[in-house]
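Below, in structure tokens: the form predicted on its own, a single chain.
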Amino acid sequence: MTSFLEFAKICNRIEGISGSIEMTSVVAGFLKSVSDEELEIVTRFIMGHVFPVWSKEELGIGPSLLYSAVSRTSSLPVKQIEKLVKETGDIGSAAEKAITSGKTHLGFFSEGELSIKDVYLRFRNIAGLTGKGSQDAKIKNLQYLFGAAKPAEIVYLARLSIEELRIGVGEGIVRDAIAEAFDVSAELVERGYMLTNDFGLVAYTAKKEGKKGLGKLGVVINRPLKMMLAQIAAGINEAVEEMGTVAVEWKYDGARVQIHKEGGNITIYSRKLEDVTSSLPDIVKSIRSGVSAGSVILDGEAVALGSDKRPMAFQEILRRFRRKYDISATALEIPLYLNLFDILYLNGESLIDIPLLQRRKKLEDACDSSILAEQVITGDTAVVEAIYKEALAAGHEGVMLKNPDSFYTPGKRGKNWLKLKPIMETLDLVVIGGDWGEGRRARLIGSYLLACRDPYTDKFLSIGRVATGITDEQLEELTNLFKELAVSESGTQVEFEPKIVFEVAFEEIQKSPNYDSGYALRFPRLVNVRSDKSVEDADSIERVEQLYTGQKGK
């Protein structure tokens, strides 16, 4: 049984490492050292997750609840905890300072020790608490953990409870660490992750069954897989020339959904792979009436249409996805319509490794045409141009151009799916900071510091600030949202937990020594707050470099 203190020491050691090779080696060594029973837990913990991202189990611990737990454990007022967080810029360090200086911390005198499994089971208890009195019960469970913990453990208990470990271990490190620990290829590990969305399961499979077991990991109903992604098309002529013929579909101005149907049970996952079924009763109804297959996984887009049959603002769609109360009334106000364009699994058979044309035939056999996105196969650029103009005239974003012979590659952004849009290029970037405004905007956060993602670690590399494209109403809403995510302040500058993704348009990418990424955006403006995307979905530094190289023949 591995102690949580050992996990904390590994995390502390990793924080002091700058090189990814050494970091990977340390993680690999730790994965090899833990028992079979602990391996899945440890693999998720090291990334700052308690459960698989798609799991219905959620801790439901926010900063306020955590501050209350630290306050009760330390006998310090919540305001003092908040002050410590701002001073240290880290909830883990603040919790350690508060609890070790408080009156009620007993961990120093405990003969026993917390194990990794103890912490996991306590977190599972917390996730299972609902209804009246659940918040207080969650605080008491956290108090127990903090009270039993040694100072070095408190830092990582606090961070893990809000699933923000912040030690620099991202998907790339974990992928390579599993490969190194269990002597399998990184490519097989990555494939397993794209299909299962759970590095814990992948690590366990690699250890127990090796290459053969990883190769058997596949599509399973009610376990969402990462969605296939698209690149920006250089143009219609270029796309047709490269593919020969293209499958043309409207690029809907909506929100991506992955639908799992098994008999009468229907589960809908958002792009972030969160279960949003309860918020979308109209989509559930469409599936019940329009999908004949008994067991199926479908990929599509949910679109909100107004009375004029034109797409409503993207933020209106997100209101539906986030809604937990008065769902029926909101569904009448913002009706959603389903447009399915792919099928990944049918009656026990994975379909991701057959060509798009064959998948389309199976999709048409399994679903009513009323919920299918229209698709045209053509090699005629004039036909593509006409469909493109139709989509724009209907208020949608443009068209998708797909290779008819392509397989479905989960989580990959390749040349087999291309998107053609008339607007400026956009990037999905993580908000990591902001600045308070001046004058009449002094009480509002007026600009936001943006960052792209390093896919190998969980670090974010600053790339610029955005202050345009934001209405006064949005400024109020965003300020209220980000106040909850503030971790430190210095003058007018605020640092935020990296939780929110902005879609930002820009005119050009320029080299810049002023930001960690080495790049800056020229004339950035906010297009959308992408609450349908997680920070893992944000664009990477590689994507930025590709766009920089591709512009103006660089």
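Just so you know, these numbers come straight off a predicted model, no measurement behind them. Throughout, rigid core stands for the largest set of C-alpha atoms superposing within 1.5 Å between the two forms. Residue indices: 1-based, along the sequence shown.
Keep in mind that the form predicted together with a small molecule is missing from the display, and what follows is about it.
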In the model of the complex, Glu190 touching the small molecule (heavy atom, 4.5 Å): no
Give a yes/no on whether Trp250 approaches the small molecule to within 4.5 Å in the model of the complex, heavy atoms considered. yes
Touches the small molecule in the model of the complex: Lys402 (any heavy atom, 4.5 Å): yes
Are any of the heavy atoms in Asp428 no more than 4.5 Å from a heavy atom of the small molecule in the model of the complex? no
Only one of Arg166, Lys421, Arg122, Arg72 has a non-hydrogen atom within 4.5 angstroms of the small molecule in the model of the complex; which is it? Lys421
The small molecule in the model of the complex has a heavy atom of only one listed residue within 4.5 Å, and of Lys459, Arg322, Arg271, Lys83 that residue is Arg271
Heavy atoms, 4.5 Å, the small molecule in the model of the complex: which of 463-471, 448-456, 251-259, 90-98 makes the cut? Say which one. 251-259
Flag for Arg522, CA shift 2 Å or larger between this form and the one not shown after aligning core: yes
